[in-house]
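Take a look at this single chain in structure tokens; it is the form predicted alone.
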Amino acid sequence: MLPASRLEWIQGWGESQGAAAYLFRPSTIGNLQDCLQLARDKKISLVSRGSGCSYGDAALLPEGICLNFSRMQRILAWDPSTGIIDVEPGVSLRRLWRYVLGDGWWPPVVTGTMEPTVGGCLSMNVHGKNNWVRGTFSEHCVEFDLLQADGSLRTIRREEEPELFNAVAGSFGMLGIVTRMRLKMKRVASGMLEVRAVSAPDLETMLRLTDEAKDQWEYVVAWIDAFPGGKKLGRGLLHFGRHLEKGEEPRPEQSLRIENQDLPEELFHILPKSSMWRLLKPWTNRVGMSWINRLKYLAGATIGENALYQQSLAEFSFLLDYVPNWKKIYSPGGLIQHQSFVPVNQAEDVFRRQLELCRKMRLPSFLAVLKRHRPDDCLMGHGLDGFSLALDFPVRAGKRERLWKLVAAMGEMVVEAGGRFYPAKDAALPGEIYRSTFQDGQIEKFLSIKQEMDPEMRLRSLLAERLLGIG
């Protein structure tokens, strides 16, 4: 048995699921190798955890070893002339952008929060608001060092071993432990974006505007009011963004300074944002969120219609960081998210049916986000030529079973349309539905690679057990 002092309760980011595991915080490759040896000696498995931003069970492993990478967040090398940076897996997106921005660089792909680690971003092959233009996170990784389950270390370069590279990226961390990665940053001439806001009165218009914008703007993201039905179903607001070019900003060196990018700590220079979740919590119910969504849409469709303004990279990119601890509005019970990826010609029908089913089951999404995507090369990739719809749901006592049934029903619609799912956000999708989205032998090939690289199944997680049948 491992020391009971190391046993900790660990939750997914959405706080709807948790498990007790033996927590280790390695700081070196040697520490990681020791943990692997310990797992072999004790005949137990390991799971990696970055900053814990995956919504569900990606970093959960009951009574296993949980590797927390908070002590492996060193910048190993940086070349501001090329934008190439070597980092340890525990480096967060926050640390990454703050390190490179002053030299005129920015991460090509970031999530809606700056808290995920680069190790987690590669493991889940995350995407951003510019997926159509820049693709997924792994497309900007040149190489990485992989610690294998037997304790050996190897360097995998995209150009030399593209098949293995694309199997590890997006593998949930099941093929090895990334200990170093080399990333290519994007050159920027300013720390500001030009942003345009427009409204869409219905789902058809929303999809059309999103598609039209994808070739004109670097960033395209849409918020949907998931409460109304009928002709108003799928209405919402869109935001398009593009980087300012050289000469468009009088003093770009100022907007590239970190202190001019930090998100404000107060709302209207009065109310501390750290307290905002407390004000929102009484409204976190079906009636309250219906009114909040309605007012947000009306404001955007009137005074905010066709607004054109400048916004800092951090302000535009990291909307989920505006209200610290906002997930507390969902406690107790937490929240889950379901994100469907559907081909272009099927998206309107599938998303319409999903939103209508949510209304019918009286489980409307409190937050809905639409994006445009392109295919990716990863073996277990979620990318396709189409749209994604991410739906957030509170997990309430007495409604959990019904919510899980809703997720399964929406998942079946995606399978019928030839779509995919995003494991980083998932907490409730049945494994058979997830696996049925891969029709070209990807699951079998992945499990074959897994068997070759980790025959004792030392690297596991509840997510991998649920979705891939690894166990």
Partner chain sequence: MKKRFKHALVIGASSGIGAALVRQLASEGCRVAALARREDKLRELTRDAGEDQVITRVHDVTAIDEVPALFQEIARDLGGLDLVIYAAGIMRPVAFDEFNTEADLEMIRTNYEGAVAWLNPAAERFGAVGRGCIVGIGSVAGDRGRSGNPAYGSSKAALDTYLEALRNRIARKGVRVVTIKPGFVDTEMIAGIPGLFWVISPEKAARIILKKASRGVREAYVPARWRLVMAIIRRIPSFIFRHLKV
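Positions refer to the first chain, counted from 1. What you see is a predicted model; the values in this text were computed from it and never measured.
Keep in mind that the form predicted in complex with its partner chain is missing from the display, and what follows is about it.
Handout entry: its partner chain: the contacting residue among 44, 433, 417, 35 in the model of the complex [heavy atom, 4.5 Å]
Key = Looking at the other structure, the residue within range turns out to be 44.
Exercise for the section: Kindly indicate whether 4, 8 and 20 are, all three, within 4.5 angstroms of its partner chain in the model of the complex, using heavy atoms. Expected result: All of them do, each having a heavy atom within 4.5 Å of the partner.
Handout entry: residue 63, heavy atom within 4.5 angstroms of its partner chain in the model of the complex
Key = Flag for residue 63 set to yes.
Exercise for the section: Can you check 405-413, 35-43, 423-431, 440-448 and let me know which stretch has heavy atoms within 4.5 Å of its partner chain in the model of the complex? Expected result: Stretch 35-43 is the one.
Handout entry: Within 129-166, the residues that have a heavy atom no more than 4.5 Å from its partner chain in the model of the complex
Key = If the 4.5 Å heavy-atom criterion is applied to its partner chain in the model of the complex, 129-166 yields nothing.
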